[in-house]
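Consider the single chain below, provided in C-alpha cells and representing the form predicted on its own.
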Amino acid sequence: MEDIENELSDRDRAIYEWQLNVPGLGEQGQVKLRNSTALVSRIGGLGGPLALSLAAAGIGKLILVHGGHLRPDDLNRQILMRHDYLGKNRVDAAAETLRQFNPHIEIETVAENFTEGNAADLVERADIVFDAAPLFEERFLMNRECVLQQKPLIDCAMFNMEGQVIPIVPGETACLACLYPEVPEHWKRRFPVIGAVSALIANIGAMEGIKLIAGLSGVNLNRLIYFDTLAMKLQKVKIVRNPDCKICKKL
C-alpha cells in the first residue's frame, strides 16, 4: 500500500487485541498485515470465506476479482452473498458485506475474471495473490504473472469432499505449472461442493497467506496441503520444482 505506517493506532489495538497475543505476531506483524494489499480471485465458495478471514485479520486492502452475477445455486456456499443480490454483481455484494464487517479496511472491486488482457495489471496492484478460481486457465494466468512479478501466490482448490492449498513463493518453491504443466484431463467447471468444505480449505489458505505476510514461522513452502473432509485426514505432500518448467525455470 502507498501510505506505510509503522505503528498501530489505538483503534487497531482495540480491534485486534486478542490477535496481538499470538506468539510471533505482535504489533510488528499486525502492522505488516495492515500495510499489505491482498488480491482474491474469485470470491465464491472458496474466495469469499478467505476474503472474510483476511478482513478479520486486519489486512489493509483487499482487491476482489470476480465477474458475473449472483445466481441461486451460488447461495449454498458463497457466504459473502445475500438473497437480495440475486442477478447483481457478486463483487458488489461481497464488498458490501466486508465493509459492514470491517469498515476500516480498503476494498477495491473488479467485476471481471482474470484474462490475458488484465492479469499483469491485476497482479501488479497486490502484494500477495490468493487464487480461488475454479478454472485452470485462470489459475495458470495468476501463477504466471506472480512468477514474473515475484509476488507470492496462495493457490486454493477443492472438489467434492477434498481440497488442497499450495503456498508459492517465486524462486523459492515449485510453482503451479511445475505440478500441472497442462490443464488436467476431464477437469470440469461444475463439480460437487458443500459450503463447509470450501470454507475449511479457504481458511487454510488464509492462514498460509497471513503467516507469509506477517513473517510468522511455519509457512508450508514446497508442500501441498491436502485435506480429505470425509476421512478428516490432513496430509502435507512434498513438492519440488521442475527444472524444465516453462514458467519458473529461469528463476
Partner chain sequence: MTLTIDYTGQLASVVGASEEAVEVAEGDSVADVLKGRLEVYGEKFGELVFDGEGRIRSTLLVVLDGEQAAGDKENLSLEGVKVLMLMTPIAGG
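Numbering follows the first chain given and starts at 1. Please read these numbers as outputs of a predicted model, since none were measured by experiment.
A second form of this protein, the form predicted in complex with the partner chain, is not displayed here; the remarks below concern that form.
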Item checked: Heavy atom within 4.5 Å of the partner chain in the model of the complex - residue from Asp127, Glu162, Glu112, Asp92 -> Glu162
Notebook entry, point to check: If you check Ile105, Leu179, Leu122, Leu80 against the partner chain in the model of the complex, which one has a heavy atom within 4.5 Å?
Noted result: Leu179
Check: Heavy atoms within 4.5 Å of the partner chain in the model of the complex: which of the stretches 44-52, 22-30, 206-214, 57-65 has them?
Finding: 44-52
Notebook entry, point to check: Hey, in the model of the complex, does Ala14 get a heavy atom within 4.5 angstroms of the partner chain?
Noted result: no
Margin query: When the contact criterion is heavy atoms within 4.5 Å, does Arg139 count as touching the partner chain in the model of the complex?
Written below: yes
Note to self: So in the model of the complex, is the partner chain close enough to Pro184 to count as touching (4.5 Å, heavy atoms)?
What the structure shows: yes
Check: Is there a non-hydrogen atom of Val169 within 4.5 angstroms of a non-hydrogen atom of the partner chain in the model of the complex?
Finding: no
Item checked: Partner contacts for 142-161, taking the partner chain in the model of the complex and a 4.5 Å heavy atom cut-off -> Cys156, Ala157, Met158, Phe159, Asn160
